[in-house]
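Below sits a lone chain in structure tokens, taken as the form predicted on its own.
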Amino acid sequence: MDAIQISGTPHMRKKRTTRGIMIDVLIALVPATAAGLVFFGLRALVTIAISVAASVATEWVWLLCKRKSFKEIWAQFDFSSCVTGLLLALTLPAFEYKYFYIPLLSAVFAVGVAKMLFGGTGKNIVNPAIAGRVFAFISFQSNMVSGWMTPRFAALGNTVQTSATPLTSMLGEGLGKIGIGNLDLFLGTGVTGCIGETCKVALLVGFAYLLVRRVVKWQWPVIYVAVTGLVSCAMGKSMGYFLPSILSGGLLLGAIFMATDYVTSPNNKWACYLYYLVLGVITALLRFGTKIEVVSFAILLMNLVVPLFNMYVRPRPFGAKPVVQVCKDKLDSIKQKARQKKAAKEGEAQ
């Protein structure tokens, strides 16, 4: 009799492997990576190469320390560390070469601490790339803020953000201080920011590929982005905040490639609806409260409470009564017992 294998969620009811899904994600990230290289040049390439190489090396060294052979490591290699390294690099600025240690240390933390320390692929409690990005921001905040590089292509209106990102300008000084239009934000022209978050066209092309390959469901990123935009309008007291809010910063990158991570998102439909709704609200509130980009912090925070969503927001088993009907039956039972008790007392009195 074959041994029974028990594994944690998520469970895919398809003839697909983790390696195949990770390769699909890497392909979907190609347009955003290419756009980052076009906009930011060789510095972006060096940052990406260091991050990916450090991520893969960290995983292999960890497994070698567990006395696994190269053959065993390659047999179970699923390219998830490549995805982590690439995603992490796309959330970082195109650093000057002297700051090579930032993507290096961030990648080691992302894979070594946030992933392998918890048991490897499928056992991490937070998205490793998000953890690496938060590590970089907290540990090297001054370099993260001063590391913005002006893109090669100027904005269509001949204005370029140099001192801050468009999102920071909007949150701190209002809509009139963004400096560039929504079309520039969509194309990435003249937009200072992280390597992979500037060109929204490239991100949407990758999203379309993931939808065709059925790697992600369209409603989750849409709910997250839409709620963030609407709450931003409420906070700014103007509908004019909607497009700049969803086209600025790393919202689309986080919504498409990070918030939808199988392992760190809820494992049933109704929990997912609530999860992405709350995530959008928290992102918008924190943005206006801190005046900086907080997508990574919001996703990290929500990753930590996913077990609570899975525990308390559960689908109704097939054939079970709806909650409303259960409550109604319970109330009828209480009323029936009260009537019986009253009748018994009246009988004793007579």
Partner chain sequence: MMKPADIKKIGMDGLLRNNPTFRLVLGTCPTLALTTAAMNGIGMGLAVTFVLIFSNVIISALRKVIPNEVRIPAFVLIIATFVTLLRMLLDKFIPSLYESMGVYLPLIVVNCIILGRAESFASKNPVLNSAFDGLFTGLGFTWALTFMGVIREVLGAGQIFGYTLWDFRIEFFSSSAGAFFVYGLCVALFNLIYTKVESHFHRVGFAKKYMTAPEAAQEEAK
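From a predicted model like this one, the values you see are computed outputs, not experimental measurements. Numbering follows the first chain given and starts at 1.
One more form of this protein exists, namely the form predicted in complex with its partner chain; it is left out here, but the text below deals with it.
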Exercise for the section: From the candidate stretches 219-227, 131-139, 232-240, 196-204, select the single one in contact with its partner chain in the predicted bound form, where contact means a heavy atom within 4.5 Å. Expected result: 131-139
Practice task
Give a yes or no on whether each residue among 23, 27 and 77 has a heavy atom within 4.5 Å of its partner chain in the predicted bound form.
Solution key: no
Exercise for the section: Classify residue 113 as contacting or not contacting its partner chain in the predicted bound form by the rule of any non-hydrogen atom within 4.5 angstroms, answering yes or no. Expected result: yes
Handout entry: residue 101, heavy atom within 4.5 angstroms of its partner chain in the predicted bound form
Key = yes
Problem - Distance check, residue 105 to its partner chain in the predicted bound form, heavy atom within 4.5 Å - result: yes
Exercise for the section: Give a yes/no on whether residue 95 approaches its partner chain to within 4.5 Å in the predicted bound form, heavy atoms considered. Expected result: no
